[in-house]
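Taking the form predicted on its own, here's one chain by itself in structure tokens.
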Amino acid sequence: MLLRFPHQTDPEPLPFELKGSLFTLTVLHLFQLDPSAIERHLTEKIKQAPSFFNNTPVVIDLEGMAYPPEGVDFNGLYELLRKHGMAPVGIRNGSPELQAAARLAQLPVLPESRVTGVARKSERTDPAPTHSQIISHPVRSGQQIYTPDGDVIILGAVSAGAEVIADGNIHVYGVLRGRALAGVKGDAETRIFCQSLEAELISIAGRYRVSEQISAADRGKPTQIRLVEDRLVIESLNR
């Protein structure tokens, strides 16, 4: 029984709640800040997969970039990326001088642990994961499934707009229409298996291919995706 007293009032409902979460972010590894060169290469990339880069959150990785003598125009870089449909959310790595310049441009400096990227280049050195997560229902549009330190097994389909992420392998016993990212901590030995490949994006250890880069000959068939000499290879499971 709930007792209420006249002088007491119900607490005001909270207007919001903050929670930690995992998001997949594209990582732009920046080696030099030449606006014309960046725009030229961005234009070529977007031609390959126009829909993939539409409003895509991007983290700018500065690990391979030295502080240029003429300084850094992060505001100009931000506007350039926005012009091409990308949404910069912050930077990671880089020298203290580069990080200070990014903060002046209101770009947050993100710790490595906050970013799960589709363009990572590290290699996993610890043993392969042994834990598996079994999902017995279809993964619907807008849902994200993440299995840390293990494989994920989807017994149904993965809808367009859905995302399946695993530190280990990904098995989809249905149609794969959404995004599948295996080996997100850098394990290049992981694979993606599906009964019908119609994916928006496939990625292993940061090497990725979007829908427009998947040939018609590979679509709609049982396939496995793996890395061979650092490139994604799609193979039929009916060989």
Partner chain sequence: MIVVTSGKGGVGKTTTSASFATGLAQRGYRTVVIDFDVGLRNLDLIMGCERRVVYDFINVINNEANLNQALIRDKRVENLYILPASQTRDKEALTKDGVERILNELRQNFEYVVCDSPAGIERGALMALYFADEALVVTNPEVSSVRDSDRILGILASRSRRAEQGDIPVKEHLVLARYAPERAHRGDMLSVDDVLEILGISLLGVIPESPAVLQSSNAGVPVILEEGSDAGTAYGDLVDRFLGKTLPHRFVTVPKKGLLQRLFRGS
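Numbering follows the first chain given and starts at 1. Bear in mind that the values here come from a model prediction, so they are computed numbers and not experimental data.
Quick note: we don't show the form predicted in complex with the partner chain, though the next part is all about it.
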A160: touches the partner chain in the model of the complex, heavy atom cutoff 4.5 angstroms: yes
Close approach of V27 to the partner chain in the model of the complex, 4.5 Å, heavy atom: no
Heavy atom of S132 within 4.5 Å of the partner chain in the model of the complex: no
Contact of D187 with the partner chain in the model of the complex (heavy atom, 4.5 Å): no
Listed residue (L201, M65, I38, V175) with a non-hydrogen atom within 4.5 angstroms of the partner chain in the model of the complex: V175
Proximity to the partner chain in the model of the complex, single hit among P111, G76, G142, P148 (heavy atom within 4.5 Å): G142
Answer range among 95-103, 80-88, 163-171, 134-142 for contact with the partner chain, defined in the model of the complex as heavy atoms within 4.5 Å: 134-142
Residues within 4.5 Å of the partner chain in the model of the complex, restricted to 85-109 and counted by heavy atom: none
